[in-house]
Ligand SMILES: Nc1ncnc2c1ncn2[C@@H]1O[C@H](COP(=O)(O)OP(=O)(O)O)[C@@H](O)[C@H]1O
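Here's a solo chain for you in structure tokens, the form predicted alone.
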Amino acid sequence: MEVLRAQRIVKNYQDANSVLNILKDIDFSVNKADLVAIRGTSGSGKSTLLHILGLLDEPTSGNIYYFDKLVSTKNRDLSQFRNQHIGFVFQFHFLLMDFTALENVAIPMFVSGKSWKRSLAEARKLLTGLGMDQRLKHYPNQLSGGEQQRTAIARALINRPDIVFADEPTGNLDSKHAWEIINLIKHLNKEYGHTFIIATHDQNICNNMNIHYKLDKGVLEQEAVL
């Protein structure tokens, strides 16, 4: 089943003297339970593309479809749609420092309209499944980089999204913790059918995904899986 389709996505940035073309006429689609890597060097537009696909940014032109329905960033219900259908994992975690790991994970479910008690219960279950049962009441500054990223992944999954975008999710981790996160993503994909789109500069990470793309000079091309 097709979850996401992007048609002829263009993104330009303009200043007084020139136009910078970041994304050039990109077509892209992803099906349920796909495990996708988008590889590119720093500054290649990977983050921009993920933000557009995840409805955090608007393309200069082109269309985004979820489940064959056109979705616009101008939609008044867009934040609710993102909350229910899309998860995000960022390189820098963006955990709320005044809340525990358990509370950080529970907040998106609470925002979606569920009770705080139920949200905490679901967050506890999810974090325990990710090996964080001994760290539930710890604050972000009391967690290691890998534990913070596990918390961020749990937060992205709390509302059972149809698709999860991960932007350089291992960029700030050492090699040991980086591979823990990649293996965790593969496990979640296999066990629960979560769809992941991962932006990375690391070829080794790409080699662990099922579908590979390369973004270079604004052009997205699918690569053969070795």
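Quick note: we count residues from 1 along the sequence shown, nothing fancier. Because the structure is predicted, anything quoted here is derived from the model rather than measured.
Below, we refer to the form predicted in complex with the named molecule, which is not included among the displayed structures.
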With heavy atoms only and a cut-off of 4.5 Å, decide whether residue 20 touches the named molecule in the predicted complex.
yes
Do residue 31 and the named molecule come within 4.5 Å of each other in the predicted complex, heavy atoms counted?
no
Using the partner position in the predicted complex, report whether residue 41 sits within 4.5 Å of the named molecule, counting heavy atoms only.
yes
I'd like to check something about residue 46: if you look in the predicted complex, is any of its heavy atoms closer than or equal to 4.5 Å to a heavy atom of the named molecule?
yes
Note: the named molecule not shown here; in the predicted complex, the stretch from 47 to 55, 186 to 194, 170 to 178, 154 to 162 having heavy atoms within 4.5 Å of it is 47 to 55
